[in-house]
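Two versions of one and the same chain are coming, encoded as structure tokens; call them structure 1 and structure 2.
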Structure 1
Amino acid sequence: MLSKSQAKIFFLGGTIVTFAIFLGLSWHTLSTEVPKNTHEENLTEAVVRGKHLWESNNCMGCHTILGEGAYYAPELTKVYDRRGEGYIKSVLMSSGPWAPRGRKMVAYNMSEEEAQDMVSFFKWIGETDLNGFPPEPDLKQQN
């Protein structure tokens, strides 16, 4: 069996090697993959303002985006495709809680400009290459 000092070498060696590989792969991802997959050229100021609103209101506390967040309200990565601009804006600009099927959303009462920034954010993120996520529902009745 291993001695204690061999076990220590296993720990330190394994850690250093895998961490070095991880840093290398991360570098590749951040420098090549992310700009390409997220279409960084389309990341306008409106999108960034939208991201700010997304964060400062903690939308992720109910919804998911890129599949991350909470499970109380729908996934929003593809919401622009699904609902379109008008629908999104009316939800965000509503002054009373939006409550489809009785489940309430916070009434954000956003201005026209803010709602437009959110739409830009959703439009941008909807175009990200997500390796096929969310999946096509393959048992859906075709009619």
Structure 2
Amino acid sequence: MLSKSQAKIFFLGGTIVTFAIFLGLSWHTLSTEVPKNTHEENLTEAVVRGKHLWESNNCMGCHTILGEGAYYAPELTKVYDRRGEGYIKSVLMSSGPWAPRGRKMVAYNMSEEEAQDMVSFFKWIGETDLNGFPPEPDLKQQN
């Protein structure tokens, strides 16, 4: 059994070692893994403007991206791969509310440039290495 002073030293030593490991792993992730997975080199002004449009229009109030946001409307992380540029632009530039499957999306009536910026943002997000997220849907016919 440890004495009170030995237990204190054991606790403090373990805390310091664990904290050092945490800092080392955090540094490694932020300095090597994040830039490699997000393809930072592909960030353009259009992607940044698209991100600002995403935030200013509160798209996360209904949609999720990278697993974050609301669950009212579809997940948009891989929307560029699923739907393509034309579909995305037509939805964003529509002057009337978009209502697929009974859920209404606000009519943003974006300009061509704004819609293209959003497409650039979605394309960049879709190219991010997400380690298998979101999983591929099982589209096999059930008999």
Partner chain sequence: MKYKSQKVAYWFFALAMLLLALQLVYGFIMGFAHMGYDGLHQFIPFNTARAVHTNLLVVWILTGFMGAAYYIIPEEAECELVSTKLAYIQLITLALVGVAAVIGYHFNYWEGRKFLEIPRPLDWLVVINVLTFLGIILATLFKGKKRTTTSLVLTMGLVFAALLYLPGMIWFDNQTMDSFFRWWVVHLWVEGVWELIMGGILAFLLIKITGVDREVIEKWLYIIVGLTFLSGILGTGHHYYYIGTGKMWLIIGGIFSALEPLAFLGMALFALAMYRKGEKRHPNKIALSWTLGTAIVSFVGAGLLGLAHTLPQVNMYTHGTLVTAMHGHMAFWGAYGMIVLAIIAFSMPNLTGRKRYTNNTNVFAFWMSNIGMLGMTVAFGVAGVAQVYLERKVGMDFGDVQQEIQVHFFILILCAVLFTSGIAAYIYEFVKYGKPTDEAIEN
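Here, a residue number simply tells you its place in the sequence of structure 1, counted from 1. Think of the rigid core as the biggest set of C-alphas that the two forms share within 1.5 Å after superposition. The structure presented is a predicted model; accordingly, all values stated were derived computationally and were not measured.
Participant: Which structure would you label as the form predicted alone, 1 or 2?
Facilitator: Of the two, structure 2 is the form predicted alone.
Participant: Where the C-alphas stop fitting one rigid part and start fitting the other between structure 1 and structure 2, you find the hinge. Which of 66, 82, 60, 34 is it?
Facilitator: At the hinge: 34.
Participant: Treating the chain as two rigid parts, state the angle between structure 1 and structure 2 by which the smaller one turns with respect to the larger, in whole degrees.
Facilitator: That works out to a rotation of 15 degrees.
Participant: Once the core is aligned, what is the C-alpha displacement of residue 17 between structure 1 and structure 2? Give it in Å to one decimal.
Facilitator: So the C-alpha of this residue moves 6.1 Å.
Participant: Upon rigid core superposition, what is the positional shift of the Cα of residue 26 between structure 1 and structure 2, expressed in Å to one decimal?
Facilitator: Once the two forms are fitted on their core, the shift reads 2.6 Å.
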